[in-house]
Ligand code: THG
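Quick heads-up: it's one chain on its own, the form predicted on its own, in structure tokens.
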């Protein structure tokens, strides 16, 4: 089996020591860093995530920091979501688009103050696009990657574990809001958010030196809660319709094609660089869109490339992510489907590495 050769270009995280001690079995590369993908098995990790609590090393969610008088203006240039009513202490899921309206990223924006923002990015070199806009428009803003590494606590017992470490006040943090909490004399931003549908928090750890002390404190406090190291789970995130940038969508897709139209206020998001292009898209409507699919038969193999979708001899889309769901007893999938075949209940055929499989399109995801 081939292995990844370590180098300075493939960065470890502040939590890598704990991840390795917990018995990580596989990684992927994400924002030039190591992201765990399996600990016991994808299916065992899936069942545990739904029943207990996990600590995830998601330091790969690098932050792009905007700081200065024009920080708010630059943030609005990046997204068609109207940010004018966003207050410090809030987190917004924001599609980031280029001048054509194509998706560049789908991060969470964290508004620390009127002149300071963090953009918690998915896998792409978004920093360079943001720097280019700031320079090209001569904005009074500093754009940089700070020493901030998120650590996620996810699962139905997440509130209890977090309260043991940070106090009961953490239970009051509302969804997509954040507050400040002390840990060993250091101020940490903690948001109720995360890349699962099981509920939980993301802790924005400022300073690499705090990584393992926090990791160890969470595991010590959660012994009787069956706390385990975990990671974003392929099966659970497909069931929940959580999209993966670079897999399920690329810069060839608009937010409307990705089912993210509800996060676009294109008419009022004055200043967004892709606004004119998206106004045309909103008027005409997309010709393809992300849909949930169920695929017949036994467990499908890993989806390491797009699988064509067919209706007879006509290609009508692609499957980008797929996995067997133990809870729903079927293969669940994410696909980009043409308008002619995207209605709930439409039947299509998927060309998998194991051969052709029947599939059904669903308007809604499973959880």
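Residue numbers count along the first chain shown, from 1. Keep in mind that what you see is a predicted model, and the values were worked out from it rather than measured.
This protein has a second form, the form predicted together with (6S)-5,6,7,8-tetrahydrofolate (THG), left out of what is shown; the following refers to that one.
(6S)-5,6,7,8-tetrahydrofolate (THG) is not shown here, and in the predicted complex it never comes within 4.5 Å of any heavy atom of residue 275. Although the partner is absent here, residue 139 lies well away from (6S)-5,6,7,8-tetrahydrofolate (THG) in the predicted complex, with no heavy atom inside 4.5 Å. Contact check for residue 222: no non-hydrogen atom falls within 4.5 Å of (6S)-5,6,7,8-tetrahydrofolate (THG) in the predicted complex. Although the partner is absent here, residue 120 is a contact residue: one of its heavy atoms lies within 4.5 angstroms of (6S)-5,6,7,8-tetrahydrofolate (THG) in the predicted complex. Exactly one of the stretches 187 to 195, 71 to 79, 213 to 221, 166 to 174 approaches (6S)-5,6,7,8-tetrahydrofolate (THG) in the predicted complex with heavy atoms within 4.5 Å, and it is 187 to 195.
Among 281, 112, 134, 243, the residue placing a heavy atom within 4.5 Å of (6S)-5,6,7,8-tetrahydrofolate (THG) in the predicted complex is 243. With the partner omitted from this view, the residue of 292, 269, 258, 108 that lies near (6S)-5,6,7,8-tetrahydrofolate (THG) in the predicted complex is 108 [heavy atom within 4.5 Å].
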